[in-house]
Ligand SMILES: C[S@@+](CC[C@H](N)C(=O)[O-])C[C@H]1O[C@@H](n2cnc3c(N)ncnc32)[C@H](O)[C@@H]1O
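Listed next as structure tokens is one chain, alone, in the form predicted alone.
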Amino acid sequence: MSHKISDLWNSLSDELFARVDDDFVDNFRTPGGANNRLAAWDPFDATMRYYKFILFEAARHRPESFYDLYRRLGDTSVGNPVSVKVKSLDINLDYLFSVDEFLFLDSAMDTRSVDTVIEIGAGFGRTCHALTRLLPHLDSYTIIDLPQLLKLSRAVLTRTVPDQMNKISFVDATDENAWRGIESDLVINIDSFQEIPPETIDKYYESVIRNAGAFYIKNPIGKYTPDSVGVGTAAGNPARLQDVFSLGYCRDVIDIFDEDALLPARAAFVSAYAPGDDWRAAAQAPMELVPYYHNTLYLRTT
């Protein structure tokens, strides 16, 4: 009796395993190699499989308070994001981050004392959306951003928090006179100082951050090379890559998948972004899902 083999493995045997020689054995587990048919999936995957597994596992292992807070956000689906279902909630990555950020802040300071917030670089407005829902006593929230991004955040927030729009101000980042000297209880920068020239960050410190009572930052602690994440350096734009390496305060190139490299870079990050001698780092922690990002809350000491 002949042993029946699936058509799938008949073709795979002919295509991938017809020549098992020394060169094959040396390389069959590299990205794009034959091992994706034997064991682990290939690191290069054209599907959303890895992304959704990571999001699903992250969403499943949050504290119970996370889900209560997420429910309070209301509609998080504007823009048609990828989501997973946990605790009967459609959870997407952007707002998973937003609730995590709130939990970090709430554990480190009395968020009930925050009446005014300034956010430098708000993206599409997810943090503003979250905080205006989770801090119902908030009096004002000011977004400083590029004109094109202000148009986006205004459009998104009009849909997600229409009842809060009277509290939200949109300030053109390119007009320094519009934001020079403004004050707030809390200044926030999430994932944008690493894309800003150091001399521009200096101006934000001088004119905005040092006027606040607290400063929360979550940004990368260093730079990484494209090849370290599987993108050939030659495939990128060399001029743009050079520009990226010149931005932010933390510009050392590190291996973001080496814990021994991350530890000193975290300490350097906390030191580099401290607003001054009269401030202290009241709380800090690596971002759980992407540990080369670091959360730090600085509080004024005088």
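We call the rigid core whatever largest set of C-alpha positions still superposes within 1.5 Å between the two forms. From 1 onward, residues are counted along the sequence shown. Since the model is a prediction, treat every value here as computed from it, not as a measurement.
The following text describes the form predicted together with the ligand, which does not appear among the structures shown.
request  = Sort through V114, V86, M109, I196 and report the residue having a heavy atom within 4.5 Å of the ligand in the predicted bound form.
outcome  = In short, I196.
ask   = Considering the ligand in the predicted bound form, which of V156, I190, L73, I182 comes within 4.5 Å of it through any heavy atom?
value = Comparing distances to the ligand in the predicted bound form, the residue within 4.5 Å is I190.
ask   = the ligand isn't shown here, but in the predicted bound form, which of 140 to 148, 75 to 83, 221 to 229, 207 to 215 has heavy atoms within 4.5 Å of it?
value = Of the options given, it is 140 to 148.
task = State yes or no: in the predicted bound form, is some non-hydrogen atom of A39 no more than 4.5 angstroms from a non-hydrogen atom of the ligand?
result = Contact with the ligand, yes.
ask   = Does the 4.5 Å heavy atom contact test between S169 and the ligand in the predicted bound form come out positive?
value = S169 lies outside the contact set for the ligand.
request  = Mark F24 yes when one of its heavy atoms lies within 4.5 Å of a heavy atom of the ligand in the predicted bound form, and no otherwise.
outcome  = So F24 does not count as contacting the ligand.
query = Is L186 close to the ligand in the predicted bound form, meaning a heavy atom pair under 4.5 Å apart or at it?
reply = Flag for L186 set to no.
ask   = Along 271 to 302, which positions have a non-hydrogen atom within 4.5 Å of the ligand in the predicted bound form?
value = Stretch hits: zero.
message = Rigid core aligned, does the Cα position of D278 differ by 2 Å or more between this form and the one not shown?
response = The answer is no; the displacement is under 2 Å.
query = Cα of L12 displaced 2 Å or more between this form and the one not shown, core superposed?
reply = Yes, L12 moves 2 Å or more.
ask   = Considering a change of 3 Å or more, are the Cα atoms of T225 and A34 closer or farther in the predicted bound form than here?
value = Relative to the shown form, the pair is closer.
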